[in-house]
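We begin with a single chain expressed as structure tokens, specifically the form predicted on its own.
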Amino acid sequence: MDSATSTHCPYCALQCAMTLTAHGAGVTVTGRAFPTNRGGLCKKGWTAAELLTSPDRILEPMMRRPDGSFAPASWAEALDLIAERLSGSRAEHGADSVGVFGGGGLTNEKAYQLGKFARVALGTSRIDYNGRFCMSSAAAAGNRAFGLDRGLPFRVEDLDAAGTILILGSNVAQTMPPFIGHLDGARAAGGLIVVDPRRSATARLTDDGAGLHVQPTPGSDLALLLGLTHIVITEKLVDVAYVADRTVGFDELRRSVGAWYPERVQAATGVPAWQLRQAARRLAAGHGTYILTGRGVEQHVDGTDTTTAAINLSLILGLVGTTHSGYGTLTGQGNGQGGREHGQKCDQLPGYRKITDPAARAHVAGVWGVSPESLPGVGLPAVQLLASMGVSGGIRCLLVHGANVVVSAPDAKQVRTGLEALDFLVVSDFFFSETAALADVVLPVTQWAEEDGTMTSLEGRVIRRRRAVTAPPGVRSELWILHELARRLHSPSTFSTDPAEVFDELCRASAGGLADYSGLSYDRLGAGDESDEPTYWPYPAGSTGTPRLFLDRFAHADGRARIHAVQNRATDAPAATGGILTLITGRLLEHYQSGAQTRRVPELANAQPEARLQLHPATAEQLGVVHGGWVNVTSARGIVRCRAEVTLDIRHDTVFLPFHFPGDQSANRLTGGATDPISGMPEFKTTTVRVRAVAEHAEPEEMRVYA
């Protein structure tokens, strides 16, 4: 008999609802009614079940032989070796010689247990996760302004009634296609404003009177936002009563943007002054306005300040904490929200507590049954954590869960060198990713449809992921792996293998924190159908959750939001001369993150089999590049060789490369290790590169440094 299970998509943070039907021939995916996706799925969601039966699946532990090849091993052999090597490193070099790198795709239970394992079983402060590459600037800005970070502090469906939506740096039409249905109201009202250097699929939604595409130079978003704020203030479009009643810091903001008049912003960004005025006036028109930011404005060394500028604009317009308008940031990874709430970040404990807060340490230590003094302090954010591999005083052993850092991390060549310099590398994965291929031990873990767990979507809604099929016999859950390793390491705390028990413990650990889950349980999360009770955090015991935050007060002690004046420090992008251009990176519709999963789905891989460099026809002609021809793209850090895609959808001074591909086509061979000083976010969006046409079989040129 066929068995149907209500669950959610394994990919992005929209967490589209689906039904999986297991039968003799495999698993069938159908869309399911849910507020975020309304039964729709994207290509990735429709084909997600193919991952479960992929021939590339790892089905038993693998250990590296002396000759560099891998051989199967029993679970006892693999875990005994891991425990022995980790114990030896801790004894000889200290607890911080062992690092843990997590992922924004892990369930809440696994993210929580991983953070606990690092701090209790290993005693290391050296834990962080790949969400540092995605959400850290938005989180830092949200905490600074509101006292609390939740991607969307309102329901996705609230956007349906909006008359104006400003989207900065997010191509939702390709990254989460069902989301665009929530933009229909704004499009019909002519109020969709998209800010992007590319004429992306989302930017094209503004055609035919549906809105406005604003196309600034890469890295100039902060200047753009300062200019919009200047216009709102000088044209007296500020919601004066809101600013007086609910914020502090406006006077400093007014002084700080005084010099950012439209003509100056036009010179700095390339956006016409008339377009700036049109956008500002539309935002202030009061038709139900939302401002949404994404990675395009956040993945910069000034990403926190840029996101703060967007929040400032939202606050002076009176948008935040009302029933008809708002500000939010679009979380990317499937559990990017929950993954950063419960202990994977180097400076946080469960419940979004600061690890430096004595009261937070005491509370969490009490739940874990250990002394607060035994918990380590603040560790290193992801880029610095990876940079410490193989250097004196750095990490010597690394456990990787739910990440493929060889492809996804900036300065990928140096990351690979660091991984190769480790004494010991353990990777838990479904497939032999590019990172797993460098490991000493690879542990096969359960996939999304083979396990129970919870995820927290981009709107702060906690949802159940339900087991629909049985995992292959040799595969284990990360909860089981952490339990077994903790036992071998003689951990002073317990590590359950039951997801429901782990979730209950997470809820207790989060009680009283900013991200309070204490009123939730698997029973409260329902049966997985349309009748389920909405479960938005904060959800303290005895409450009914919080679908819309900040209606009465912000999370600062005085209840007011902080307007934090920021300065534009970004340098001008290089002129498009002599093949020197500005590279931005991003996603394609068919692929997800490092492509470790989607490149193994034939339909998706066939649709987008390789990386292609997008460049403008005028630029291509200047460089002698033809559509489909081969190019070398060179930065100070490395070279990428790929085909060219000549298109009018990009500025003449800019090129675009997707980041899903490995090897010679890996975009992060070009990006650098510079980070935002507040959030630790890498600079992914403004890399200076040189582009040169080459013959298909030409030898790679020497790496050159272009200042």
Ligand SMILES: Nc1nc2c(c(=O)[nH]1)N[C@H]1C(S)=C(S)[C@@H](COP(=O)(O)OP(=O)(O)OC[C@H]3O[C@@H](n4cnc5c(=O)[nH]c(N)nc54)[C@H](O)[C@@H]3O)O[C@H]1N2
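Just so you know, these numbers come straight off a predicted model, no measurement behind them. Just count from 1 along the sequence shown to find any residue number.
The form predicted in complex with this ligand exists for this protein as well; it is not shown, and the discussion that follows is about that form.
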Worksheet item: Among 97, 348, 457, 594, which has at least one heavy atom within 4.5 Å of this ligand in the predicted bound form?
Response: 594
Worksheet item: 396, 295, 119, 353: which sits within 4.5 Å of this ligand in the predicted bound form by any heavy atom?
Response: 295
Discussion item. Just checking whether residue 110 would be counted as a contact of this ligand in the predicted bound form - the rule being heavy atoms within 4.5 angstroms.
Written reply: yes
Worksheet item: With a 4.5 Å heavy atom cut-off, would you call residue 379 a contact of this ligand in the predicted bound form?
Response: no
Worksheet entry | Contact test in the predicted bound form: residue 679 vs this ligand, heavy atoms, 4.5 Å | no
Discussion item. Can you work out whether residue 671 and this ligand are in contact in the predicted bound form, taking contact to mean some heavy atom pair no more than 4.5 Å apart?
Written reply: yes
Worksheet, complete the sentence: The stretch from 158 to 166, 429 to 437, 363 to 371, 340 to 348 that lies within 4.5 Å of this ligand in the predicted bound form, judged by heavy atoms, is 429 to 437
Discussion item. Under the 4.5 Å heavy atom criterion, name the residues of 123 to 161 that approach this ligand in the predicted bound form, in sequence order.
Written reply: 130, 133, 134
